[in-house]
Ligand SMILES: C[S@@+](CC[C@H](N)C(=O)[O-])C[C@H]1O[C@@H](n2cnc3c(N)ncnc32)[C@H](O)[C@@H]1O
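To begin, one chain is listed below as structure tokens, in the form predicted on its own.
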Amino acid sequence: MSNIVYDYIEDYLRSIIPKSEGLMEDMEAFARENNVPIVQPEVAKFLSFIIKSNNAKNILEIGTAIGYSAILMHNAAGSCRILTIERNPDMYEKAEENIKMAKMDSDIKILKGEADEILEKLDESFDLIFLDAAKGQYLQFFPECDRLLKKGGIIFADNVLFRGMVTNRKLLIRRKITIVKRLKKYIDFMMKNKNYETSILPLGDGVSVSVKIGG
């Protein structure tokens, strides 16, 4: 069994998801070979479902990496605008290259720098915000995300169960204690936040989906 779900469930879910082709397949191979974290297949499928079912057209992503999820979200949304934030210069350059290869550079803009500094300078409304950056900073990012998210919009956060450590102390690695504590605080905060309806799902490494209903 994996840390989040039984292996046979994960294997089955991945077996019924159509395999990627072309650039997306190449990016997945690059991520595997270079140990770059990207969204897992079942999370990617669910994220696409959320975007399509909510007709999200103005999207903010925190944590670009190689641009995989930005391209994935563009494929799901069709005509859309995506702002994505990345602080790592090497990842920024690779993402730029991939987005240009996908011919999406007119719709996807990468902002290079620290997320908290960039967020406070933004002044527009987003349909969906995808959190996939430093796991211990989700709660720190929230006030600006809340300000930028329209009513009815969604905050989709990946890796919130963090290899099962958030749910089971037996899995906890000492050097990850701070991250786990902060993720627990984020989950607790969102579950109790009366301006949001939040659901936690054991997909991939755990995702939370929060719909803004008030505020």
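Just so you know, these numbers come straight off a predicted model, no measurement behind them. Position 1 is the first residue in the sequence shown; the rest follow in order.
Another form, the form predicted together with this ligand, is not on view; read the next lines as being about it.
Asker: Looking in the predicted bound form, any heavy atom of residue 141 within 4.5 Å of this ligand?
Answerer: Within the cut-off, so yes.
Asker: Do residue 63 and this ligand come within 4.5 Å of each other in the predicted bound form, heavy atoms counted?
Answerer: The answer is yes: residue 63 has a heavy atom within 4.5 Å of this ligand.
Asker: Is residue 85 close enough to this ligand in the predicted bound form to count, meaning some heavy atom within 4.5 Å?
Answerer: Residue-level check for residue 85: yes, a contact with this ligand.
Asker: Contact with this ligand in the predicted bound form for residue 114, defined as at least one heavy atom pair within 4.5 Å: yes or no?
Answerer: The answer is yes: residue 114 has a heavy atom within 4.5 Å of this ligand.
Asker: Exactly one of 38, 180, 50, 148 has a non-hydrogen atom within 4.5 Å of this ligand in the predicted bound form; which residue is it?
Answerer: Checked against the cut-off, the match is 38.
Asker: This ligand isn't shown here, but in the predicted bound form which of 110, 102, 76, 134 has a heavy atom within 4.5 Å of it?
Answerer: None of the other options qualify; the answer is 134.
Asker: Pick from 170-178, 183-191, 55-63, 149-157: which stretch has non-hydrogen atoms within 4.5 Å of this ligand in the predicted bound form?
Answerer: Stretch with heavy atoms near the partner: 55-63.
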